[in-house]
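Form predicted alone, single chain, as structure tokens, below.
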Amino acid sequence: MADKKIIRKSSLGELFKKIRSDGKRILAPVDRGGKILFEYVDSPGSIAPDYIQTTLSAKDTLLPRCEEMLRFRTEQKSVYLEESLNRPEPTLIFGVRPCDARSIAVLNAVYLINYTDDIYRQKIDTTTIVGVSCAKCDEYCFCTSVGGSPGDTAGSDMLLTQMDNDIYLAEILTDKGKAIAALAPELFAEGGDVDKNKHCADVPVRFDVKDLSKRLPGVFEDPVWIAQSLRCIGCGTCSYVCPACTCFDIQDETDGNRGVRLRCWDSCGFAQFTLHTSGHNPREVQSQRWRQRIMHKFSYQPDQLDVIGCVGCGRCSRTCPVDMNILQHITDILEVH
């Protein structure tokens, strides 16, 4: 059960000083020309004051867009590996929305279950998440349809909910959250029995995700995928902004004697994602690739990893250059008989 405390918004500056003195970098949402992006900050004064959702998630703190896995060198006919597990700096991510915090469970399911990815594990072990509940939403938000809520605590080490102009309810959820509060206990007062829900956005449930998961296998060959994908240009923007996408490509760059192995984000929406060396592509048209994206998130991952591969943040619909709306597509799929 969460330990509920009260902290004043005006006290965050002092808390930030304590966090930085403890050796942690602070990453928070910053307004860059209308785009809300996670950047490193020194004080809460740099944080964007009013936003529904960040333009990009903070996923690349844990899973960078491109990261070095190892280095290697060749001598005659021998290859020597040099692991390059650069120790990540302790980082606190402030202002993560509850939907994004839930995405950590998806990343963990892929990178820590069955096989432990040490590069990812080191990042998650040294990262603290301070979430902030959503006070408002827009037509693209659907966290409540996939098991979340605007005040969901899952994935956060500490969750802040703004109660009035200068008061936050702080729910301290994990040992990492307790460690942050312990840096400045004088800033936290007892929270008591406070109802935070009336201060959170009202996000209506748009569809039954369990019903969707059950129906998807039965519409695998349905023409609905063709109709939905006709305007998809395969740009991968939906994957790029998604906090729960986990696909990657591995590439080696070498000068012949020395080289580096890189892991970079990839997308099932790209035409070359499943292209074989032979030239055969089992998903040769965009409708098959769009189907894979929906099936993977709402059918394959729940079946195989017991986690839904979508957190309802709505970024894919907000940023799609051809206005593909995942909520509308899910509604269309559910109407297929």
Partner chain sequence: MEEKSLYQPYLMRIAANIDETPDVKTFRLEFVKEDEGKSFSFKAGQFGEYSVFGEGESTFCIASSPTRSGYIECTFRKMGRVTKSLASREVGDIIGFRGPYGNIFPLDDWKGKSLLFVTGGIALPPLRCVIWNALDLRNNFKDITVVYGARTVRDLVYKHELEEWGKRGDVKLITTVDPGGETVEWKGEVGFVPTVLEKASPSSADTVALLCGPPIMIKLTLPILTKLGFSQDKIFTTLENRMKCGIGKCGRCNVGKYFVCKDGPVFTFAQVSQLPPEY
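Because the structure is predicted, anything quoted here is derived from the model rather than measured. Only the largest set of C-alpha atoms that superpose within 1.5 Å between the two forms is called the rigid core. Residue numbers count along the first chain shown, from 1.
The same protein also exists as the form predicted in complex with its partner chain; that form is not shown, yet it is the one meant from here on.
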{"property": "Location of its partner chain contact in the predicted complex, chosen stretch of 22-30, 278-286, 37-45, 308-316 [non-hydrogen atom, 4.5 Å]", "result": "278-286"}
{"property": "Its partner chain contact at Gln53 in the predicted complex, heavy atom, 4.5 Å", "result": "no"}
{"property": "Proximity of Thr126 to its partner chain in the predicted complex, heavy atoms at 4.5 Å", "result": "no"}
{"property": "Asn165 within 4.5 Å of its partner chain in the predicted complex, heavy atoms", "result": "no"}
{"property": "Heavy atom of Asp303 within 4.5 Å of its partner chain in the predicted complex", "result": "yes"}
{"property": "The unique member of Phe188, Phe72, Tyr140, Phe207 whose heavy atoms fall within 4.5 Å of its partner chain in the predicted complex", "result": "Phe72"}
{"property": "Answer option from Lys196, Arg261, Lys176, Arg215, heavy atom within 4.5 Å of its partner chain in the predicted complex", "result": "Arg261"}
{"property": "Non-hydrogen atom within 4.5 Å of its partner chain in the predicted complex for each of Ser149, Ile330 and Ile333", "result": "no"}
{"property": "Contacts with its partner chain in the predicted complex - residues in 242-270 whose heavy atoms fall within 4.5 Å", "result": "Thr246, Cys247, Phe248, Asp249, Ile250, Gln251, Asp252, Thr254, Arg261, Arg263, Asp266"}
{"property": "Shift of Lys77 between this form and the one not shown at or above 2 Å (CA, core fit)", "result": "yes"}
